[in-house]
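Coming up is one lone chain in structure tokens, specifically the form predicted alone.
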């Protein structure tokens, strides 16, 4: 699908009775979910709740066992991969690679990759083109990968645990990068179990527990209705 043909009046992501089964395990169990455009959405849940499975299905890396998932009105395909910018939970970049190698790879592979934007963000971190990933701290490698993902002009950004395993200072940089580097017409889905850290940047939340959507609503609406933070509400529902 060409970007000009994308339906902009519908949801960014829609699940209809979506299930994903691994043997006897139902990672996703008849999920119904609609995520609107132009929102930063927290996909929140404990470990093993199905967050990564949902994100990988939306990214086109997994196929549903039953039901349907739509990205911008289309089933995941080679065409929708051009609309989605995906940050996996674990890095897929080889640590021998130099920054210039990675920039070249993204520029060649993604026609919507904004090289200038990526270079500007890397410059602010004092990361040079000849630097190798193996010389960087874990937090810096996480920042580099996020910068690459957010430098694409995508319709839907899928970020799987972007702040997991990094220190608080790195989390702050990562969240500010997410907020400052996406189009207002695009949608960002952040999967995480670190709710307190991301709550401040979210428009909507989806509580996912053991393959089921427990709650999906705007953040401000929930705070006003429940009189609690999103972190407090989540801990109450899932007793964690």
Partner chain sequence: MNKLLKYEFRATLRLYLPLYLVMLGFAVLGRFSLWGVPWKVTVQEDLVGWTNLSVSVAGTGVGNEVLAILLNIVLTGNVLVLLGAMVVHFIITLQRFWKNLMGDEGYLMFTLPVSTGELLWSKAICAFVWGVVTALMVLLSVLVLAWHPQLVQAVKQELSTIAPEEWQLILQMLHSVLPPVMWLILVAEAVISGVGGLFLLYSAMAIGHTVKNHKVLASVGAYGIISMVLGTAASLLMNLLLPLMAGIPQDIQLNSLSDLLLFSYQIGRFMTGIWLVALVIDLLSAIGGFLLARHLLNTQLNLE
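Here the structure is a predicted model, which means the values were calculated and not measured. Positions refer to the first chain, counted from 1. Definition used throughout: the rigid core is the maximal C-alpha set that superposes within 1.5 Å between two forms.
In what follows, reference is made to the form predicted together with the partner chain, a form of this protein that is not presented.
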{"query": "Candidate from 47, 200, 183, 63 lying within 4.5 Å of the partner chain in the predicted bound form - any heavy atom", "finding": "63"}
{"query": "Heavy atom within 4.5 Å of the partner chain in the predicted bound form - residue from 121, 72, 154, 102", "finding": "102"}
{"query": "Contact of residue 128 with the partner chain in the predicted bound form (heavy atom, 4.5 Å)", "finding": "no"}
{"query": "The partner chain contact at residue 56 in the predicted bound form, heavy atom, 4.5 Å", "finding": "yes"}
{"query": "Distance check, residue 86 to the partner chain in the predicted bound form, heavy atom within 4.5 Å", "finding": "yes"}
{"query": "Residue contact check: residue 169 to the partner chain in the predicted bound form, 4.5 Å heavy atom", "finding": "no"}
{"query": "Non-hydrogen atom within 4.5 Å of the partner chain in the predicted bound form for each of 218, 229 and 238", "finding": "no"}
{"query": "Heavy atom within 4.5 Å of the partner chain in the predicted bound form - qualifying residues of 88-111", "finding": "88, 89, 90, 91, 92, 94, 96, 97, 101, 102, 104, 105, 106, 108, 109, 110"}
{"query": "Displaced residue check between this form and the one not shown: residue 133, CA, 2 Å or over, core reference", "finding": "yes"}
